[in-house]
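First, one chain by itself in structure tokens, the form predicted on its own.
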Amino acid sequence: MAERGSPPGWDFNPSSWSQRLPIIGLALLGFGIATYLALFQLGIITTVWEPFFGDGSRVILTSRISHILPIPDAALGALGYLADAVTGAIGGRARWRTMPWIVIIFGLAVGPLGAVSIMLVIFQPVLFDAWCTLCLASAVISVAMIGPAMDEVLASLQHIRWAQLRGRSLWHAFWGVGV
């Protein structure tokens, strides 16, 4: 039986707190890890915890890739995780139809962060012959968030499409006007 407030044809509500709180929790955990790594990259702390790969974390975190932009990649990751947590927390259980715009922003925050994490994990052994434990943990967190976040994005996109098929303005449906 479909959960009350679920999108048509769905047997659960992707905007329910039981669906979103784990994503928000993972985002906050990722934010903590990325902030710690950024503090190392910025020279605020002088050592980084690495239980498995010897000097691997230092190699990865001081690599040319990690500093290719004006701010270290871990700082960008921390900002991304913070955006994930904030956009995941905004709105109620019906936000898939009342606030599609925030759900889509949420998906745009979660998806690319996961893709970048996968790319950075591939770079570790290929470009640097090293591994970083906390970088790997961060990547696992990023990838784990993608599926549940995309469920909600899909529900919002379906809602917008159904509203358009019923003759409503695409723009109004996107902004949740007249729901």
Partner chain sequence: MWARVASILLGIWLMAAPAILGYGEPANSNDRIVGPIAATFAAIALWEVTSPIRWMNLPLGLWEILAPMILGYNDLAAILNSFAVGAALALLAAVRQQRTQRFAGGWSALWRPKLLEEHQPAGDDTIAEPDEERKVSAARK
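Numbering follows the first chain given and starts at 1. Computed from a predicted structure; not experimentally measured.
Keep in mind that the form predicted in complex with the partner chain is not shown, yet the notes after this line are about it.
Peer 1: Heavy atom to heavy atom, is W131 within 4.5 Å of the partner chain in the predicted complex?
Peer 2: Residue-level check for W131: yes, a contact with the partner chain.
Peer 1: Does D151 make contact with the partner chain in the predicted complex, using a 4.5 Å heavy atom cut-off?
Peer 2: Yes - in the predicted complex, heavy atoms of D151 and the partner chain come within 4.5 Å of each other.
Peer 1: How about V121: is it within 4.5 Å of the partner chain in the predicted complex, going by heavy atoms?
Peer 2: Because a heavy atom of V121 falls inside 4.5 Å of the partner chain in the predicted complex, the answer is yes.
Peer 1: With a cut-off of 4.5 Å between heavy atoms, is I146 one of the residues that contacts the partner chain in the predicted complex?
Peer 2: Flag for I146 set to yes.
Peer 1: Ok, P112, G32, P125, G54: which has a heavy atom sitting within 4.5 Å of the partner chain in the predicted complex?
Peer 2: Spelling it out, the residue with a heavy atom inside the cut-off is P125.
Peer 1: Report the residue, out of L136, L61, L28, L39, that has at least one non-hydrogen atom within 4.5 angstroms of the partner chain in the predicted complex.
Peer 2: Of the listed residues, the single hit is L136.
Peer 1: Could you list which residues of 155-178 come within 4.5 Å of the partner chain in the predicted complex, counting heavy atoms only?
Peer 2: Sequence-ordered list: L157, Q158, R161, W162, L165, R166, R168.
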